[in-house]
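Just one chain follows, in the form predicted alone, and it is written as structure tokens.
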Amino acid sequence: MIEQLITSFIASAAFGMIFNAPRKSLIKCGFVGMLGWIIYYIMVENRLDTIFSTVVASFVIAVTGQIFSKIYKTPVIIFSVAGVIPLVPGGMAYDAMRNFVQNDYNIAISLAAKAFMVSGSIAIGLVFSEVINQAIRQTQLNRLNKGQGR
């Protein structure tokens, strides 16, 4: 478990560096990625579906990124992009392509479909978080406008 925490933190912080995230936000990027990965890891270890686990983890990454964005006055994309890096199915996509090259099409298609679904579930988690965030903002704005007699 400690290895999972450390490697996911390093991966997220390192990708933050690659994407030119502000130096002061690299530790926070690492934390966001570590949090998302450990949620994913615990869910998968408890035999929950990989796709569902990825949606939940990416949702948590996006929510944490939005919170950090407000606290540290930094664009949310800084935290979201670095945070999802541990969830990206790069190894699975590589294995799919390798199996295509080796003419093992059944395994290749299976791996490619799973990589596609995992990638889509990352996007779903991020979008779902943003939709909820916008709904909360709109509700707060409506309350504020009603309180002012508009």
Partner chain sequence: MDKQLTFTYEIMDVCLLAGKIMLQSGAETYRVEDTMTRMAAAFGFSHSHSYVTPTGIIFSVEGKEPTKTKLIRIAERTTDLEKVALVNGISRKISSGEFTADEAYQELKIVERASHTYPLWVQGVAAAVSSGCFLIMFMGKWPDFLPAVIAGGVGFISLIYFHRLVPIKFFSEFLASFLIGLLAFLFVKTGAGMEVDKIIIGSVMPLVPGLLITNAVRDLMAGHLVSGLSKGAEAFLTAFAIGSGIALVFSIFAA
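Numbering follows the first chain given and starts at 1. Computed from a predicted model, the values in this text were never measured in an experiment.
The same protein also exists as the form predicted together with the partner chain; that form is not shown, yet it is the one meant from here on.
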Indicate whether the partner chain has at least one heavy atom within 4.5 Å of a heavy atom of M17 in the model of the complex.
-> yes
State yes or no: in the model of the complex, is some non-hydrogen atom of I109 no more than 4.5 angstroms from a non-hydrogen atom of the partner chain?
-> no
Tell me, yes or no, whether M97 is in contact with the partner chain in the model of the complex, where a contact means a heavy atom of each within 4.5 Å.
-> yes
Going by a heavy atom distance of 4.5 Å, is S53 a contact of the partner chain in the model of the complex?
-> no
Check each residue of 60-83 against the partner chain in the model of the complex and list those with a heavy atom within 4.5 Å, in sequence order.
-> K73, T74, P75, V76, I77, I78, S80, V81
